[in-house]
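The chain below stands alone and is given as structure tokens, in the form predicted alone.
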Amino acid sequence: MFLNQKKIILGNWKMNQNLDQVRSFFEELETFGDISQGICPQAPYLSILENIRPKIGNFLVGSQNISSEASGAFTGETSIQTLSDFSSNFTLVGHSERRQLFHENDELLIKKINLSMEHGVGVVFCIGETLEQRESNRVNEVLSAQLTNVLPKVQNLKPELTCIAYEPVWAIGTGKTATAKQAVEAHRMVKSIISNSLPAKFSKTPILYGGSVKPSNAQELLENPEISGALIGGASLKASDFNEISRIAANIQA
């Protein structure tokens, strides 16, 4: 799924988009064969996307979250089986909003990834530092802890189902964006951490950048080979913006 050497452009809609907006988005969506594209809608719309998403192998549908439990009395959660029923390709795990607002810890994230791997569902594992951590020169320390406290402890972690999204917390939804230099440096850190903590077969794990990616800065970010693609928030709500970022990625890929 992820080890295809193509740029990957994913949209995280968070708690946005009503049914009419979902349908309008896909009516206006443009697809590009040279890259992989995907959308993470709100959970109730997963079944809708199964029917209206582009019928091409490199368009992905993902969940914003899954339960750490396979089934049971967990009101309001989304099970891994539900994702499988709706042909969802992947799920986000470890997004900073889940860590901060819902207090998800490493043990919980390990359980979520274990379930995903068992069911053949891909994982986009999100990591990133706060502004205070960056300003105190702790970026490498923070990223290393977030990665090594989780991924090496996952049973049967599969390279083809594993993707990393580096999202500096201070740039998510703030309008601030890491400079290309800052993003590349962080991606190189992540690549080094992966090489030192996981088997060699993970050396080509894609590393996406997330944090106020938009058409005006996509070229500067995505043209760097260290950046495998983007996990987009606000700019993925408009098909025109998502199309433009995808077009930029496809032109770079070509």
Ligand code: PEP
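Quick note: we count residues from 1 along the sequence shown, nothing fancier. As the structure is a computational prediction, the values presented were derived from the model and not from experiment.
Omitted from view is the form predicted in complex with the ligand, to which the following refers.
Contact annotation: of the candidates 72, 120, 173, 152, the single residue with a non-hydrogen atom within 4.5 angstroms of the ligand in the predicted complex is 173.
For the chain shown alone, residue 97 is a contact residue for the ligand in the predicted complex, at least one non-hydrogen atom being within 4.5 angstroms.
The shortest heavy atom separation between residue 213 and the ligand in the predicted complex is within 4.5 Å. Remark: residue 23 does not count among the residues lining the ligand in the predicted complex, judged by a heavy atom distance of 4.5 Å or less. With a 4.5 Å cutoff on heavy atoms, residue 238 does not count as touching the ligand in the predicted complex; it lies far away. Of the candidate stretches 129-137, 78-86, 164-172, 142-150, only 164-172 contains residues with a heavy atom within 4.5 Å of the ligand in the predicted complex. Residues 231, 232, 233, 234 are the members of 230-244 with a non-hydrogen atom no more than 4.5 angstroms from the ligand in the predicted complex.
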